[in-house]
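One chain comes next, on its own, written out as structure tokens in the form predicted alone.
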């Protein structure tokens, strides 16, 4: 029997992991600069963490992997925000952390949807949550953090699309207007939009099936239903983005795919013509009621998420290359009856922070040199019987094509000198 990965999953192979590791390092570096701390939540949670009452999102209604254990129902996490807020409340961070609490997560998520490039059923997501303070400037800084990651991944062909959903009263007035508008046209909309009309008519604006439907194009604009407080908040977000030099486009049809968003919502999209349906690189927004929903005080939050498969694909499309971590900097070979001396030398180099590979099987000198070539090593250490008897080894600088004898006590410093060039 031939075994294969389940549909919508994949293996990250050894030749690919160096790119993944470097991407993850970049993300962690940026999070440190912005003073975000990592949080790691379970891969599955009680279903109620994700499935909230009257939720209209496709993720909740169509895509979750849910299973029963006795009388309990659990769900593989389809997104990161809900688990982070659950942990924030459970551990009472609102009483022990400086507000705003700045958290980030990175790990596998699961959604049962049609697999395609950059969108798998198991995918890796990075996200940030800034919890505890409602501030237009925090919204702008959060977008800036994501853009900083893209710059470090050498991604430049992007545009920032932004909108506001307003506060509760503005959104309630807009929902009423949308319901009145869409009700006479309901037969022209897809079956999912029939459900959305009752649960959350804003979600009709985000419908992929009806994206080109003229009924949607004639819908009322949210801007006409914003109260003064909501307008002022959004204007301050845009002013902060202007001050940061982040260009943006206002998209008054942007509502995002989850029901908990309030005020600022945004999507950062690739402008590459080959992006197709996978144009969104990262996206998110502000939420005012999640902390309270999970049992904490009334607190606002702001966050976004990036699918790392999509991020890596886009970076490679734009020419990004990581420095391969799989290449040995040093390859140690033995010549003659030297026993475990090459292994001891490699271990000492590793103890000094130098990546080293060592030949551990009986082979000719020619075969060992071929292995050293394939390893991509910058330096080859040749441990021969006569040299070892004198406390020395031969060191070959492959780039300079020079070979010199080096005393064992000077080996690590000499190699570091070569590598520094």
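Positions refer to the first chain, counted from 1. Quick caveat: nothing in here was measured; it's all calculated off a predicted structure.
Separately, the form predicted together with ligand ATP exists; it is not shown, and the next lines address it.
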Contact between residue 282 and ligand ATP in the model of the complex at 4.5 Å, heavy atoms? yes
Given that the partner is absent here, does residue 119 sit within 4.5 Å of ligand ATP in the model of the complex, heavy atoms only? yes
Applying a 4.5 Å heavy atom distance criterion, does residue 208 contact ligand ATP in the model of the complex? yes
Taking heavy atoms only, is residue 113 within 4.5 angstroms of ligand ATP in the model of the complex? yes
Contact check in the model of the complex: 102, 136 and 234 versus ligand ATP, with a cutoff of 4.5 Å between any heavy atoms. Do all three pass? no
Counting only non-hydrogen atoms, the one stretch of 183 to 191, 219 to 227, 303 to 311, 166 to 174 within 4.5 angstroms of ligand ATP in the model of the complex is 303 to 311
If we test each of 256, 316, 272, 159 for a heavy atom within 4.5 Å of ligand ATP in the model of the complex, the one that passes is 256
Picking from 125, 200, 264, 75, the single residue whose non-hydrogen atoms come within 4.5 angstroms of ligand ATP in the model of the complex is 125
Who in 376 to 399 is close to ligand ATP in the model of the complex, meaning a heavy atom within 4.5 Å? none
